[in-house]
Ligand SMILES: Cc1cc2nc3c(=O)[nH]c(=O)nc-3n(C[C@H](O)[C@H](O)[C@H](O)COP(=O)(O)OP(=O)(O)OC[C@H]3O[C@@H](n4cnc5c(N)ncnc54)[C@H](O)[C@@H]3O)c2cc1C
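As structure tokens, one chain now follows by itself in the form predicted on its own.
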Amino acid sequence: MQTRRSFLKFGAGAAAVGALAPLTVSANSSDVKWHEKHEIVIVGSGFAGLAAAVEAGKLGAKDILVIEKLGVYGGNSTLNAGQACFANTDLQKQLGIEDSAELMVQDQLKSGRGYASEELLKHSAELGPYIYQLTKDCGCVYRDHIINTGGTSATRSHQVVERSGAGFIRPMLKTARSYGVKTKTRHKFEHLITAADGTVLGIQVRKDYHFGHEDSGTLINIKAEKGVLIATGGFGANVAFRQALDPTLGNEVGCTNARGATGDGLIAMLSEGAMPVHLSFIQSGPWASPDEGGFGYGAGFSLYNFPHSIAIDRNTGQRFMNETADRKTRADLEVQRRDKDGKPNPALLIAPKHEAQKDPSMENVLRYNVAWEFDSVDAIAKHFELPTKQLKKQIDDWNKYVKAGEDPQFGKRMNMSTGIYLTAPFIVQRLWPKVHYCQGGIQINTKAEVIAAKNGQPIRKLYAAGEVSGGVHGVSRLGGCSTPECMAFGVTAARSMMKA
């Protein structure tokens, strides 16, 4: 927040502002030179920001601004697999899946290992059916197939037909604009502007910003009458920041995030007193491939095939994990796969082609050399230098587990493997975790209000939603649970601002 004291801290940068000199006295809003004024200001155009924009439009807001620092909308949200976990939907009922918000919360609390917020998870899960319908009203189209993700006790990950976050972003952006929402790219959030009592008055933005050129563009001040929502996402692409929090997450570990996931909003709020929570809880995706950059095609292939396939340690030719355990469990085990010199020796996901070919992801991983087809176990063993005898025994044992409907080796839930035997030809992909999600951020309450560290009270007219907020999921987030949570708290922030 830009107060007189903090101006001194930011002095060098602000001094270059020139025309923004009135900011040196911010105790009185009349001292600030405002270049724009809006009813609601939303920073970030991902799931949380656009859900807030749509909801605020539905509630009658007349002047909403959404800014995005990159040249395209959607941020990190566009890069996910287009999945969202909802409980008790009409599609689940059609498929005979029994589920509830309570069960979804319990699954997430277990994954959070005692650190997740039951209050926030419950708030998000109970809003799930509303979010599911809101996205459909926006024009999002879901597949008639629901995906089983790791760590869940019911199949609940709904997926849009595009199998990409863009399947949410495009319809929501179009809907937001239909309500008159103003959207602007290349507008980088710099910091908050506050009154002397800490109330957020607006933000300072670098207009016409180009990523990587931090001095590009022009600084302007934007006033927000009802409030500011920070929905800037996580910091997975900021290697220095994440490695300071977790020394194991240096350059050796890839990242699925967009280049803009540098934590700008989080750092700005922290620097001015927002409550930090669980910042070192940084999740790596166990479905990633080391043979492509970013999120890639391998993630979709792994997600589809994990339930009926096996992950093999190349040193032993044996399984080493439950392939549908929660993300942290799998990622921690995968990164331990090393050769005799301690260098990464990525595990192998071996899938039966007769099942893998039912999902479009197979064609992409084969086309781009992210996975390879083999006609026999011997061919796999020879190519990857695996102990053949042990690998054959493991595959034989696995097929016995499929027949029995029980996995005595790792206790994997086998109802998604029924009748799917691991037989040739095989599709094989290497597995190596990539930084994917930051469970830590600034603390919010069930109104999406940002909490101040100095007194535990909400900072007036400041809201946050999505990955920039922390403490929701605890140590490990379950797959498909970020999308609905981002949207739920975006919607919540909009409702709070409209009531303020």
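Residue numbers here begin at 1 and follow the sequence given. On a predicted model such as this, the values are computed, not experimentally measured, just so you know.
As for the form predicted in complex with this ligand, it is not shown, yet the points below apply to it.
Checked against this ligand in the predicted bound form, the residues 325, 125, 81, 395 give one hit for a heavy atom within 4.5 Å, which is 81. With the partner omitted from this view, the residue of 451, 67, 61, 32 that lies near this ligand in the predicted bound form is 67 [heavy atom within 4.5 Å]. For the chain shown alone, residue 297 is not a contact residue for this ligand in the predicted bound form, no non-hydrogen atom being within 4.5 angstroms. Remark: residue 74 counts among the residues lining this ligand in the predicted bound form, judged by a heavy atom distance of 4.5 Å or less. Within 4.5 Å of some heavy atom of this ligand in the predicted bound form lies at least one heavy atom of residue 48. The shortest heavy atom separation between residue 187 and this ligand in the predicted bound form is within 4.5 Å. The stretch among 405-413, 232-240, 385-393, 426-434 whose residues place heavy atoms within 4.5 Å of this ligand in the predicted bound form is 232-240. Shown here without this ligand, the chain has 256, 257, 260, 264 in 248-272 lying with a heavy atom within 4.5 Å of that partner in the predicted bound form.
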